[in-house]
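In structure tokens, the next block holds one chain alone, the form predicted on its own.
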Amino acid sequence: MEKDPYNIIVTGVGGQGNVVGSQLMGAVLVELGYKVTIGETYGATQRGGSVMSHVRVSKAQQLGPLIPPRSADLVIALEPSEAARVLGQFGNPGTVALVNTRPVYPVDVISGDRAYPEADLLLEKIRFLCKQVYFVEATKEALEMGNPILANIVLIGAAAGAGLLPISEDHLARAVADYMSPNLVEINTTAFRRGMRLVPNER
């Protein structure tokens, strides 16, 4: 990890699987010898509300569960408007973000009570709020595998492929077998591999 502590936020909306993704990530980092604390905040998850996991990683100490404002090192976002919202609160000039490009429209947008941000303006705002951003078609990859919830693992694979997380396919396989089910290892490791190929390692 580039820093100690290293602060990661995994964000999305209810039903996208970011809580499971953060738990798997934490399990791998514990196996690698890090002290990991995970704190979660929930909006109206049944109505597509915000869900955010704070993953705090250190070799030296056990940290509190919530990341202070402006202190995220890595943001992994399953939904672009959630990426902008989280970066606005927790981003800083050193933050790196991986952002799934597929929007999820909340109920008030679907009902016509609120407009969803225009795509180009939203992506430009995300670029402005962090040091570097990788836009990843994670949902597209997951749908090609038959299950959109696999976008969470695609993004973790992309983070590993970019050199942002010290996670290998074998690490993920063990975590899936322990935390979820051995029957799910193959499809999740496939999603992880697909994610790794989406982002070049420039670090």
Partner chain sequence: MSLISKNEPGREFLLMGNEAIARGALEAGISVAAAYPGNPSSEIIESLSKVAEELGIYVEWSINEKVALEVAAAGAASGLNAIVAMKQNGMNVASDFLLNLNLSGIRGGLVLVACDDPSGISSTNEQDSRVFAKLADLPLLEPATFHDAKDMVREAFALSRAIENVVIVRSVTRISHARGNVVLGSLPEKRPAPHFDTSRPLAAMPVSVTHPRIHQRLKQAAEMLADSRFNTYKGPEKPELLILACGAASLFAGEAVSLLGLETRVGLATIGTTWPLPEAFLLKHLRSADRVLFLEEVDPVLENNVKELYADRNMELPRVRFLGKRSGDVPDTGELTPGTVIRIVGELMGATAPDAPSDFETAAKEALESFAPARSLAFCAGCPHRASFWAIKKALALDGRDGVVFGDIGCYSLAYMATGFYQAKTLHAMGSGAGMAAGFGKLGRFGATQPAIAVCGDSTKYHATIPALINGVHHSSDFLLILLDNSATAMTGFQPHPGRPVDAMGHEAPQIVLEDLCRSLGVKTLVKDPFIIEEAAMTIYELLQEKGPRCLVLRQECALVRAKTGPKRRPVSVDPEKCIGEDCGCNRLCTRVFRCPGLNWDVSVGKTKIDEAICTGCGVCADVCPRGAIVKETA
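A quick note: this is a predicted structure, and the numbers were derived from the prediction, not measured. Numbering follows the first chain given and starts at 1.
FYI, the form predicted together with the partner chain isn't displayed, but the following is about it.
In the model of the complex, the partner chain lies within 4.5 Å of some heavy atom of Q89. Contact check for G26: a heavy atom falls within 4.5 Å of the partner chain in the model of the complex. Among heavy atoms of V104, some come within 4.5 Å of the partner chain in the model of the complex. The closest non-hydrogen atom of V96 lies beyond 4.5 Å of the partner chain in the model of the complex.
Only one of the listed residues (A142, L172, V36, L165) places a non-hydrogen atom within 4.5 angstroms of the partner chain in the model of the complex, and that residue is V36. Taking a 4.5 Å heavy atom cutoff to the partner chain in the model of the complex, none of the residues in 161-177 make contact.
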